[in-house]
Each structure stands twice: as structure tokens, then as C-alpha cells.
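The C-alpha cells that follow cover one protein chain in two forms, given apart as structure 1 and structure 2.
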Structure 1
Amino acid sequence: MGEAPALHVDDLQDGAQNGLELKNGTCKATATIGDKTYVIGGADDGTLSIEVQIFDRNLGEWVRPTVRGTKPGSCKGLSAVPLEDKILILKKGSKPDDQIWFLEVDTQYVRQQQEYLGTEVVAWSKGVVGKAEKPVVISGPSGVGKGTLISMLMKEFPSMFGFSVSHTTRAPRGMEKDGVHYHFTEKSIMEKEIKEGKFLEFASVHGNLYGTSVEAVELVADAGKRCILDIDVQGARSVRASSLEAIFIFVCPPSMEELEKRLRDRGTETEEQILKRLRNAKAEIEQGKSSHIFDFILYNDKLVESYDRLKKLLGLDDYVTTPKSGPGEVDLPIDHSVSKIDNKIIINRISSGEKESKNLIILDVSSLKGGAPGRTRGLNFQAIGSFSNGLTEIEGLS
């Protein structure tokens, strides 16, 4: 709740408007979902700072929400298109990889944060063209050979897979580098981000926090790679409960006797450590088989055969390696109008000069995946050229 901002109630009577310029020199876009009108924008002084306010028609009051996610940077204007539980924001005058954003207003993440905080919440999520391959969560007891299987994948498909960099609150050791071995952070900061839902999984070990952030996994996808998460069963359980869509694989030994043999053959641990690992392994195997966390149980009896089965589970048994590229980009015209037909957003170039050879961009929002606190992926687009005879030609589909 709070005072009305520069935008007055009378300005909202005609419903959603895009790039609404007001008498007081501000430029705002509005979108109505349900009984709430969301006002996005700020002072139009050449670079538009993006702020969010809400007018609740039921209460007849302005509400200032708690804003989650990374707020978009300044721009030269914006358009807003209401969807079912979020608002599509098109920024004008920004770089192609920074033009499409989503303001979530009633998604699962937003509802969770509202329940936790007891206040109105909205959340920003950056829009990305194209889909990312599902991350792969691999778990299994110590000594089962999952590290060897992962190394074989990385060696055969170096451009396809990547690891997320975990966060920790402990201090760097030796030659460890921030952002390479770990993201080293303060405990208070990590605890705050955990509460904000920015971590897929985390654990406390000897007083220090370790965890996998949503952003770390997103960065792997941004590079055009498929993220591998090598985590324990409890971590896998947390990831399964999150919004991340992944493939979950539990690597299991052929028998406890074989696992004990492998642990002893390593010759790196004391008898006490071996017995502890065996106890932990028994509990992990029971959970892995019965918890319904995992999509597949992979028995690692003979390494080569197990690796072939792993590739088959990931659809790689007949795969021909090709270079992977990052997500595509839409370059929006600065001056444009926006309309919506079903799940298609029609962006029309506004030009006072000669007729443009490519006038329309059509955004397809029917297959969106992910969202705050990460990226919103699954956008597709078409660029359409218009001609004097009234015909249109589809230039391409990303």
C-alpha cells in the first residue's frame, strides 16, 4: 500500500496502454491482469528507469510490491503485453540480448515469495529465444563410478556439456579462484538468496554453506551447453522439488560387496572412513530406489556397457557431434506497435519514411519454460517481409 505515484487513476480507465507518455514528463506502460493494473516505467529523461507499481481495483489503492529477480536496465521506452500470469515487456533502444523481459505476477515462484513475505511480490525474468537442453542430475554413493562416467561424457562431448560452479561461504584454499572452482560469498548474502529462492539446493557442511544457484545453471545454458549436476540424493530431492526441469539419474553399484571392493581398492581411506561410506551408501541406495526422485536407475557393473546405457538415456547413442551455439536474439525496431492474437505477439515497425522490407516480427509465447528466479526460455520468432502486392513472406523461424 502507499501513495499514488505520478500516474493517476484516471490514466488507467482505458485499460492497458503501451508507452503511455504523461503530462508530467514520465513514460509508463500498463497492463491489467485480473483486478490489478501493473504500471511499469519511470521518468522519460532519455534513459527510462524501470520501476513497478500496482493499482488494486478491489481495494482502490496503490500497492508498492517487493521486486524479486534482476531488474532490467534503463531503456528508451517500453511496451507491455499481459499474458496469463506474467507480463511481456519489450524494451526499446536496448541491445538485442536485453530487449525481452517478463514481469511475473502470479507464477508459482511469486506465490511462494508472497507466502513467505506476506506482501505483494512481482519478479523479473529475462526472456531467451529458443529452448535449452534439460540439465542432467547424476547422483550415487561414493565409489560407484559416477565421476568416471561423467568424465567420459565430457571427453566425448566437450562442446555439449558443462558444469555449474557451486557457491560456498568458506574461504578459498590454495590456488582456488572465485568463479572457477567456486563462487565464494558471504554467509549472510547466501542465506538471503536462499530465502529468495535463488538456490536449487544447498547444504551446511562443517559450518559452511554449499549450494547450486539457479543462475549458475542458467549460465551453462546461455553458453549453449547442457548442465551436469553431480550432487547427492538430498540435493537431488531439492532440485526435483524446484521449478527446474531436468533428467534425474541414480548410479547404483551392482552389489554392496562390489562397492566395498572398489572403495578398498582405491587405497585412499582408513577403515573407519570406508565403513562410514558404506553406511551412507546403503542409505543413499535405499532412497535412490524408493524416493521417486530419479527417472532412471543406472547399474554400473561393467564401465563401458554402463557408459553406453548412459548415452542411450540421454539420447546420445547415435549422436553426431556438431558445434553448439548460444541462444538466438531478436533485434526489435525502436519504434513499434504491439498487438496480441492468442499466443502470438505481433510487433509492427512504425516508419515515417519509405516502406520497410521487413515490417513485422511475430513472437510465439506458447512454449515458455522456466522463469524467475532464472531465465524464461522457449520464445520463438518469425520476421515477416511485407510487399506492395499485399503478400507476406516468412523470413525465418528461430
Structure 2
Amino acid sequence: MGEAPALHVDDLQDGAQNGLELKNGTCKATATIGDKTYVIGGADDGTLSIEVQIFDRNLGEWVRPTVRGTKPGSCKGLSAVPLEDKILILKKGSKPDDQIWFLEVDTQYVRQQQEYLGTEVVAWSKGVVGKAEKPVVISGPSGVGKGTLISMLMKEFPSMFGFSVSHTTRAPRGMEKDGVHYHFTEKSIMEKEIKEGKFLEFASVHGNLYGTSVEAVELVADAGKRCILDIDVQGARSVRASSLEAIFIFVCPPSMEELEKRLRDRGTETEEQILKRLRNAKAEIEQGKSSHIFDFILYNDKLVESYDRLKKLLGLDDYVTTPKSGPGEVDLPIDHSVSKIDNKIIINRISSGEKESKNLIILDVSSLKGGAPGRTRGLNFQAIGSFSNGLTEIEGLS
């Protein structure tokens, strides 16, 4: 609290209007929500590192908040538009897939973190253009066949699904690769990263620590894919309680005998570990069936039939595989002005004398989904170009 900022209160007094870029050797944009003015940006040294400070108008004090989420990389300037509980940030001079970000200031996730930490918290979430499907959480006892079903899905729909690579403190099995099957890590390192808020969820499972990092989920969204999480029931419960909207599927074995056979035949665990996993399976199945965490229960008896049922649950039963284009991208003009009408953000190119350019971009923020921890989905845009011959071209993505 009260740490001396690079910016002075006087800079804000007259000019605390939203979206302002302050010119005092700094390059910052401001946005006011309620009693707080958020000052976002840093030193104007060509590549701007994006920091956040808050001026609490009630207290007349500067606050440096705890910042959650992966912060945006440096840029050449930025614009800020306050929305209800978050601030839309438009980065200038960044790659098209890195231009739209949200700084959450009063969302469910931010409030949870504020309660947990007892400090002021803001959270970054990158914007993803176009339709992005909800992540899929798959749980079930060890050996039921979650990994097998997920591999089949990823093989049939490689451009549609991406796997959230968890962290674990257990040792790798023979064929497992670090960074592909898991991020294999030390307990002390993982515990430190959990404290730093890097995990969406974590749990102690069969004697080891497992967890889904925020980054693991973000990486899949950034690739324009639907994220699949293979996590235990405790993890599923935590994700259900978080602001990550997902579909929850519990995979059940046809019987305990069959589950034991699958675990033994897989041959990856010691006798002691198999017995531990079977003991835990009973409680997991009970919770999976009776709790209200899961949207669907999938019995994995005959593999091919179970896989077909899984595809049906995900609306893929009559899906014809067609090449998919990457995630939608908006290329914002570096010099632009920004205004807001209802749920539409109007980004206007400041004329540079080009003959054929998209002069106006309309960003629709009425259907935003998801958010920190993770990406903000559901951004739609229209680019409107006016040409020297008087014609207007409209191109959009929804």
C-alpha cells in the first residue's frame, strides 16, 4: 500500500478519464471502475512492460495489487476500456493473436483470490476471438481407461482437442516423457508454485501431488483448441468451484474386478500401488456417482462402444472432419482511437493515407465466456473497410 508510483496523483486529477494515455515519460492507460482508477503500463522506452497500479480515490492512496495470471508481453502502447468487472486492454504493435487482453478487477476469481490472500488482486486473461468450446474435464478411478479414451479422441480430432499437461511429483513411467504426459516436478517446487497461485487446481492423489497449472490450460486455448483435463475427483470438484466453465465427465468401470484386471494388465504399478489405487477407487466411484460435480457418467465397458458414447456426449457423433482454420485473429491498427457503445467497442484507425485498409473494427464483447484463470473466450469482431472507390467491405467472425 502507498508505494511511490512512477505516476503522480496530479496526473490523474484532471485526466482520469478512461483510456487516457499519459505523456510524462511513461506510457500508461487508465480505466476507472467504481472508486478505483487502474493505471496500466510502464516506462515508454520503446518496448513497454505492462505493470498495474491502482489509485483508490476513497482512501487517496496508491495500491500495488497482487497480479494473477500470465501478464501480457511488452508492447508499443495500449488502450484501456472499462467493462463492468474487467478492463479490456488493446495492445499496440503486438502480433495479431496477442493484442486483446482483459484485466479482471472484480470477477468471481479475483474476489476469491482477494479473500484468500487478504490483498488487492487483479488478474490477467487473454482474449480469444471466435467460438471456443468449453474445456472437458474427465475423471474416474485409476485404470478405468480415461487416458485410452482421451488418446483416441486426440488421434481422431488432432486439430480440435489439446491436452492439459498436468504437473506431478510421481516418478515417470517407462514411456512417459516430461512435458508431454506430465511435467514431472519436485514437491517443494510444486508447493511453492501453488502458493504463487500458478495452479488452477491441485490434489494429493494416491500419495503424490498432481495439479493443473493455469498455463497448461491457457496454452491449449492459445492454440485454438478445446482443452481436455484428465484429473481426479478432488481436482474436478475444485475446477467446478472455479470460474472455468467446463463439461464434467466421470468414467466408471463395468465392475471392480474389471478395474483390477485393467490395472494389473497395464503393469505400470507395484502391487502396493495397485492395492492403494483400488482402495481409493471405491470412494472415487461413490463420489463420482453421487456428487453433483459431473454432467455425465460414462461406463467404459467395451472400448469402441464407450468411445462412440463419449463422442456423442461431446456432439461429435456425426461430425465430419474438415480442416480447421486456426483461432480467429484481429489485426488492430497501431494508431487507433477507441470508443464504446453498449457491448460494442469501436476501434477506429487514425488515418495514415492508405487506400485500402480496414478503417473500423467493431469488437463485440456481449458474449464473453471463461476468463481468469484461463482465457476469455467468445470475442467477436467485424472489420469494416472503406475504399477510395466509395465501396464498403464488411468481414466478420462469430
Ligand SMILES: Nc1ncnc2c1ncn2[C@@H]1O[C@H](COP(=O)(O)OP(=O)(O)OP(=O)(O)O)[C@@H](O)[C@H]1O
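Residue numbering: sequential along structure 1, first residue numbered 1. We call the rigid core the largest set of C-alpha positions that still match within 1.5 Å between the two forms. In this text, all values refer to a predicted model and were calculated from it rather than measured experimentally.
**Student:** Sort out for me whether 1 or 2 is the form predicted in complex with the named molecule.
**Tutor:** Here the form predicted in complex with the named molecule corresponds to structure 2.
**Student:** Relative to the superposed rigid core, does the CA atom of F202 travel 2 Å or more between structure 1 and structure 2?
**Tutor:** Yes; that C-alpha moves by at least 2 Å between structure 1 and structure 2.
**Student:** K91: with the rigid core matched between structure 1 and structure 2, does its Cα shift 2 Å or more?
**Tutor:** After core superposition, the C-alpha of K91 moves less than 2 Å between structure 1 and structure 2.
**Student:** Can a Cα shift of no less than 2 Å be assigned to K177 between structure 1 and structure 2, given superposition on the rigid core?
**Tutor:** The answer is no; the displacement is under 2 Å.
**Student:** Once both forms share the same rigid core frame, by what distance in Å has the CA of E257 shifted between structure 1 and structure 2?
**Tutor:** Looking at the C-alpha of E257 between structure 1 and structure 2, the offset is 10.5 Å.
**Student:** S188: how big is its Cα shift between structure 1 and structure 2, in Å, with the core superposed?
**Tutor:** Once the two forms are fitted on their core, the shift reads 3.5 Å.
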